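Encoded as structure tokens, the following chain is the form predicted alone, with no partner shown.
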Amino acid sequence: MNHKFPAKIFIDGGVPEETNQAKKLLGFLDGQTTNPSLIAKNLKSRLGNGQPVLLTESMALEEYKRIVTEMNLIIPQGSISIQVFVDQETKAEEMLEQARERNKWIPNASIKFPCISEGLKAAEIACREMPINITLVFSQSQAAAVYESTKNAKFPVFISPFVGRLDDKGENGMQVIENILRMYKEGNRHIEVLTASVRNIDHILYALHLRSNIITIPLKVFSSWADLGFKMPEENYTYPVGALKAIHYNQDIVLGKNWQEYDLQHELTDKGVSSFWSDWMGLF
């Protein structure tokens, strides 16, 4: 990272043209995040021309590989997150098989696993073989489990709390970022906190203010930020909480336990896994 921002700046999307556009606006990009819903949406619009898309899974995976390869050409030095495709029944062994294959697609891949029990079981092994990103995180307890499951990592580890989805249900999603960063100060800082599901400029400003390690931003919000000259938060910046319900720091959740002892359950994680799976499988 060699720029004025205290965080790495990623673009969130499934379209290489957007990657290129964001890079031109900012002058650089530190990375890219993708997910099954974004890729499926891109494939439907690009291949379907408004008509139903009929693909085999192998054809769709080849398209996913082509898309991230194109992104790699735009940001060859940047991390590009590629997701394993799972539902609640998928076993860790299958996730690892997918991860090892996807990791061969491009030299700067970071493989995304969902924050569910089998996902962390896979991540515990994968973090010793490749860069990884644990996604669909919504709680301090989940973040503690991610920390402990990846403590023997030999490659970079990202954690992706989804702030916008918490906001959608009336909770202060940015407070989860705040809580995770606070908790991680007690550890060895082997994990980079990636603020995800960014919906507005204040999400960006507060993430910068909190010193989130990474922020991933969809092009629509990216463009709005560009219109403001990539505004930075003032020193006395205050996040506009409004009517959002507080998510308080839990002093009882501490690092140092086996990861299986932490509560991984969150309705939004379950919903996210289901949504990613149905969007991807809906292509076939």
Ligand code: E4P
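Small disclaimer: the values here were computed from a predicted structure and weren't measured. Note that residue numbering begins at 1 and tracks the sequence as displayed.
Just so you know, the form predicted together with the ligand exists too; it's not on screen, but the next bit is about it.
Q. Quick one: does residue 132 come within 4.5 Å of the ligand in the model of the complex, counting heavy atoms only?
A. Close contact is absent here: in the model of the complex, residue 132 is far from the ligand, nothing within 4.5 Å, heavy atoms only.
Q. Any chance residue 38 has a heavy atom within 4.5 Å of the ligand in the model of the complex?
A. Heavy-atom contact with the ligand at 4.5 Å: present for residue 38.
Q.
Under a 4.5 Å heavy atom criterion, is residue 172 part of the interface with the ligand in the model of the complex?
A. Residue 172 lies outside the contact set for the ligand.
Q.
Please determine whether residue 103 contacts the ligand in the model of the complex, using a 4.5 Å cut-off between heavy atoms.
A. Contact with the ligand, no.
(Q) Within 4.5 angstroms, counting heavy atoms, which one of the listed stretches 145 to 153, 195 to 203, 124 to 132, 88 to 96 is next to the ligand in the model of the complex? (A) Looking at the other structure, the answer is 195 to 203.
Q. Even though the ligand is not shown here, does it sit in the model of the complex so that 179, 209 and 239 each have a heavy atom within 4.5 Å?
A. No residue of the spot touches the ligand in the model of the complex.
Q) Which residues in 154 to 177 have a heavy atom within 4.5 Å of the ligand in the model of the complex? A) Stretch hits, in order: 162, 165.
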